[in-house]
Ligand SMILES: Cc1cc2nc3c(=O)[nH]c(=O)nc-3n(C[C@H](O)[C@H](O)[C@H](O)COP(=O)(O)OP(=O)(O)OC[C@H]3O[C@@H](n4cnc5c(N)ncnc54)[C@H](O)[C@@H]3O)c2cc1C
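Shown next as structure tokens: one chain only, the form predicted on its own.
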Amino acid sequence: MTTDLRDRLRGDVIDAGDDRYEEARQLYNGMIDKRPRFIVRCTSVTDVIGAVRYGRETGLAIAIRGGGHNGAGFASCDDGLVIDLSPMKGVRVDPEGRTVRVEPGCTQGDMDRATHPFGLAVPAGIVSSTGVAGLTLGGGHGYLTRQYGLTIDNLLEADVVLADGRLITASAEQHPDLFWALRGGGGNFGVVTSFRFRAHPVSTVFGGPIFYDIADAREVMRWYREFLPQAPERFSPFLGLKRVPSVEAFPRDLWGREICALVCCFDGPADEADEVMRPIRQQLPAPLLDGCTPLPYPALQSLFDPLLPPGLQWYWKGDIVRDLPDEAIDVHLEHAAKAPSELSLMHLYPIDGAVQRVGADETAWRFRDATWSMVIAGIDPDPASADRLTGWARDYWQAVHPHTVGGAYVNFMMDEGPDRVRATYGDNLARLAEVKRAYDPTNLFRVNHNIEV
């Protein structure tokens, strides 16, 4: 069987007898331990087509791996076939047209390094090791979201290998139903082998973290909920409840200290940044640390990379948030104080501004009238801490969930079952199921937040 698979491909096929198997099967989330039968390292679209056809013919479960960053472990599967796209890392920038074509093995860092020399950027997340493919298919939000929308709002077209092995292009003009579904519907519909994005003029930004003592957190959070709707869209501060990491980047006397953080990004010149930052500096208590400074956009994107290497234990829960009443703030502060590790956190990422100028039915990602995407993440390097991380995140989420919209950003969900999928897609679910039936009627691509046919 393995020989037959190898005969179809130019890329490597790795199985349990290969010396590279243990390393090749590792995922970003060290809490997930899966043992696939085969890992196919694709080097081209034809490799992807061959692997998809093989999986269909043999009945093996198929998992798609791009950057491998998926917290729920959907980049792998037990006793199945992993289509590993990580060798496919081509990026081509069109500086005049302000577009960029990105292959599915690229990380945000790969994309940023290619676009930055041209003074361009594509809205993406906040950790440069995040895979472009998974981030995009789930929606994609980060520092530029208030100004330029979600990553999917900047997607122009995608090349997709379907369950029957055909390669097609999905865009507003070609297969528009599939293009609609890809923008938030995850990996349910095929294997994307190329993304083409609209890029924007972004070069040097003003940003970084501001840390406040946890005793000031209630005041900061109340101020933040009032400030954000009035803030210029070029300014995107996200809020976190966490601890100061014990690393040399921060003063030793702050290590391990509980804080409320504002992590800022202003896409504009330094003289305008002073004006934008004035309310923060005049209306809030004196911070423990103000790390905001002019820096290249890729530097801000990779600021937290050293704190979050591959292999940590992760358990996260997400929700979409419209309002932040005092009752919710009380719940946040109560549960954040019980964080089981120094890296564990709660973040509120702004998804207002440009995001709200797209209709709820224009893409599969429907939360167009919300304010924040929330994540609660239990994180630690020690595998022995897995139960504590999981228990804390679940308890925290359960307590704050009544103050949320109900669904979540799929990239902040573990494998949580069909009820959470239904809550997340809401009125768009029926249309997603129609697209699924049209392009993947046998549910070949089911290792994901699955759309049932």
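Please read all numbers here as calculations on a predicted model, not as lab measurements. Note that residue numbering follows the sequence shown and begins at 1.
Missing here is the form predicted together with the ligand; even so, the following discussion is about that form.
By the criterion of a heavy atom within 4.5 Å, residue 5 is excluded from the residues contacting the ligand in the predicted complex. Using a 4.5 angstroms threshold between heavy atoms, residue 318 stays clear of the ligand in the predicted complex. Using a 4.5 angstroms threshold between heavy atoms, residue 141 counts as touching the ligand in the predicted complex. Among residues of the shown chain, residue 28 is one whose heavy atoms approach the ligand to within 4.5 Å in the predicted complex.
Residue heavy atoms within 4.5 Å of the ligand in the predicted complex occur in exactly one stretch of 249-257, 202-210, 322-330, 182-190, and that stretch is 182-190. The candidate site formed by 70, 409 and 447 is fully in contact with the ligand in the predicted complex, as each residue has a non-hydrogen atom within 4.5 angstroms of it.
With the partner omitted from this view, the residue of 224, 148, 74, 297 that lies near the ligand in the predicted complex is 74 [heavy atom within 4.5 Å].
The partner is absent here, but in the predicted complex a heavy atom of 126, alone among 217, 126, 348, 228, sits within 4.5 Å of the ligand. Heavy atoms closer than or equal to 4.5 Å to the ligand in the predicted complex belong, across 114-145, to the residues 125, 126, 127, 130, 131, 133, 134, 135, 137, 140, 141, ordered by sequence position.
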